[in-house]
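Shown below, as structure tokens, is a lone chain in the form predicted on its own; questions about how it binds or moves come after it.
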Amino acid sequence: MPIAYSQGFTPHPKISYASAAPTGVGSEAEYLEIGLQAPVDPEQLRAALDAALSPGLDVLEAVIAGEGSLADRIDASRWQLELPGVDPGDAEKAVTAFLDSAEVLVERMTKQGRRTFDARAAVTRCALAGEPDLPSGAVGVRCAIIDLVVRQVTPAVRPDDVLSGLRVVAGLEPPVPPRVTRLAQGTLTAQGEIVDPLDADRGDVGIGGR
């Protein structure tokens, strides 16, 4: 692909990731922008990138980037938190205590050292996801599953911060590491829905010039 490069002594590919997922979590909704030197058919670009990546890293779609940056279209993420070995009733009590709290202070180690911040304000939804189900890849192990929507704020509030908050307010401690998956990211509407950041760009026929 005719990828574009930056200027200067150390040119690098013009690739911009928007709100990349934290290390150690799964994701079904990652987005990036790629600058190209010439127009390319979106499907050809998608197929070429998909073929070059390792199994499990799938490029699902490519569109022409419209006005504004990709980052301007992403202000929230939806996550699924699977908690193997956690009783759904205990998880629901912890979620209620978390949502009823005006502030939930948690700590996280950052590059600048240990930092304390509020994990509650950025959360717009935190609820048990329907009936308890089996965790992904597990057999015979019941678990609580939490549906979580978090706004992008500074400092960023990650799913593990919310889990720390559940421990702070209710002592909820999963016996094994939780499985966390990002299901969507985009613009959060007043109705609580997340709009796909590519929606505005679908329907064009070629990629190039950005």
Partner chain sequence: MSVSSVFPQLEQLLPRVSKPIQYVGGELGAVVKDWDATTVRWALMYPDAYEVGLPNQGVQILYEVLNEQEDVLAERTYAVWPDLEALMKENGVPQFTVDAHRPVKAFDVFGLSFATELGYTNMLSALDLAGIPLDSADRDETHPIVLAGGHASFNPEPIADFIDAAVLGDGEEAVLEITGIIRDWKAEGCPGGRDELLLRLARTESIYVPRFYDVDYLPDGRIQRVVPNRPDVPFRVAKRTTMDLDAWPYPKKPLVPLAETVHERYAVEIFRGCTRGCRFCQAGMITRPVRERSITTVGQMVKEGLEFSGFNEVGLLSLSSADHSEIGDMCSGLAEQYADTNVSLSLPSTRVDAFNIDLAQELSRNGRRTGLTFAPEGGSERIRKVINKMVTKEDLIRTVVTAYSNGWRQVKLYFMCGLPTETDEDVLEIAHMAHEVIRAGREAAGTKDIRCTVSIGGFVPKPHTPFQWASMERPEVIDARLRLLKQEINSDRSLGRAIGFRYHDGEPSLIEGLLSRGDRRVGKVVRRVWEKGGRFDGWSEHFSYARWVEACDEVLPEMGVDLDWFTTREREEQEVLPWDHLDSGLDKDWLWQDWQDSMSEFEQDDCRWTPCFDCGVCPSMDTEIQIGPTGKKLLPLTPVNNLRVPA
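Note that the structure is a prediction, hence the values are computed from the model and not measured. Numbering follows the first chain given and starts at 1.
The following text describes the form predicted together with its partner chain, which does not appear among the structures shown.
With respect to its partner chain in the predicted complex, the three residues Gln44, Ala52 and Pro55 uniformly fall within 4.5 angstroms at the level of their nearest heavy atom. Comment: its partner chain is not present in this chain, but in the predicted complex one of Gly66, Pro155, Gly171, Pro177 has a heavy atom within 4.5 Å of it, namely Pro177. Think of it this way: in the predicted complex, its partner chain has a heavy atom of just one of Leu70, Ala184, Val59, Val40 within 4.5 Å, and the residue is Val40. When contacts are judged by a 4.5 Å heavy atom cut-off, Ala48 counts as touching its partner chain in the predicted complex. In the predicted complex, its partner chain sits within 4.5 Å of a heavy atom belonging to Pro11. In the predicted complex, at least one heavy atom of Thr23 sits within 4.5 Å of a heavy atom of its partner chain. Shown without its partner, the chain has no residue in segment 88-120 with a non-hydrogen atom within 4.5 angstroms of its partner chain in the predicted complex.
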